[in-house]
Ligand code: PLP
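The chain below stands alone and is given in structure tokens; this is the form predicted on its own.
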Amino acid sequence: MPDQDTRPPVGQFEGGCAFADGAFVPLSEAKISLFDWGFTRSDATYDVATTWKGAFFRLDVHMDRFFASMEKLRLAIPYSRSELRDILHGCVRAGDLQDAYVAMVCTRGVPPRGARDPRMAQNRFYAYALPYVWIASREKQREGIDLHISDRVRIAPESVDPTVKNYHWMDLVQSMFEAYDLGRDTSCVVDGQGNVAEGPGFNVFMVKDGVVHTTDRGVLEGVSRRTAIELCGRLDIPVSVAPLPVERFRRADEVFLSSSGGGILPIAKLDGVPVPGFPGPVTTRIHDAYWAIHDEAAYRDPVDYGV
């Protein structure tokens, strides 16, 4: 891994940078083999951190989850935790990005020709940074997001561990097509018992009678979800982490999403029906607190831009 003296120059690949095959490269040069099981079998895990105003937000938590996910999938990368941090910082630095979407990916790799034993594959690592990605534009957030509640059932946690961030998104993608066909903005799916689960890249919350509710199983335990729950504790807002039946969800006073791609996102409509409290006093307090803690030293990991 490059040491302090050989970090990529600031803006070497202005607008975005990747790390592949042990080197920092332009985004256009980052490649994955057609035969990598990460591509052919979705046998991979990844994590997405963000930078805001030139500093990573909760990077340690993202790296914790990434290493835990690799361990559960029997994957490994040839980099220590500190080296991984340097690589991610290097991608942001080389892209000269202040507000960035920063991904770390480990795939199963390519096994020897004809082999079907995953233990024989050489795991591969990739990372990249590009400008910050919003689930919904600021204009759409102000106008109001219309969330479709799909009947499509999320992959059961007994089949695929949802706490391992993965690319098993076909159920989520199909729910998005359903939402677009109905004129909605995005979607969420349900679990096998008919409870609200999660959406493509976000967790789902509702507020009823001043209490914040989110589901307790079958979903990725997002870092933004964790942050929202912790902020409720700071703000003395009661939280219930338990099954969330669809019919109860439809009677919510407020609804919001949590994601690294936008933080706390209030929902204006559920399948075209206005949410009474949009954006809502509870959601607004959590939203404001979420962005405020980006300035707290405990949550920041500043990027060295050489200035």
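Sequential numbering from 1, following the sequence displayed. This is a predicted model, so every value here is computed, not measured.
Keep in mind that the form predicted together with this ligand is missing from the display, and what follows is about it.
Q: State the residue from A136, V223, A121, I77 whose non-hydrogen atoms include one within 4.5 Å of this ligand in the predicted complex.
A: Checking each option against this ligand in the predicted complex, the one that comes within 4.5 Å is V223.
Q: Can you work out which of H89, H213, R154, R184 has a heavy atom no more than 4.5 Å from this ligand in the predicted complex?
A: Result of the distance check: R154.
Q: Using the partner position in the predicted complex, report whether N203 sits within 4.5 Å of this ligand, counting heavy atoms only.
A: Although this ligand is absent here, N203 would touch it in the predicted complex, with heavy atoms inside 4.5 Å.
Q: Applying a 4.5 Å heavy atom distance criterion, does W169 contact this ligand in the predicted complex?
A: Yes.
Q: Verify the contact flag for Y46: yes if a non-hydrogen atom of it lies within 4.5 Å of a non-hydrogen atom of this ligand in the predicted complex, no if not.
A: Y46: yes, in contact with this ligand in the predicted complex.
Q: Any of the heavy atoms of R65 lying within 4.5 Å of this ligand in the predicted complex?
A: Within the cut-off, so yes.
Q: Are D146, S175 and R250 jointly within 4.5 Å of this ligand in the predicted complex, each by at least one heavy atom?
A: Looking in the predicted complex, the three residues D146, S175 and R250 all stay beyond 4.5 Å of this ligand (heavy atoms).
Q: Exactly one stretch in 191-199, 102-110, 175-183, 136-144 has heavy atoms within 4.5 Å of this ligand in the predicted complex; which is it?
A: Flagged stretch: 191-199.
Q: Going through 273-294 from first to last, which residues have a non-hydrogen atom within 4.5 Å of this ligand in the predicted complex?
A: Not one residue comes within 4.5 Å of the partner.
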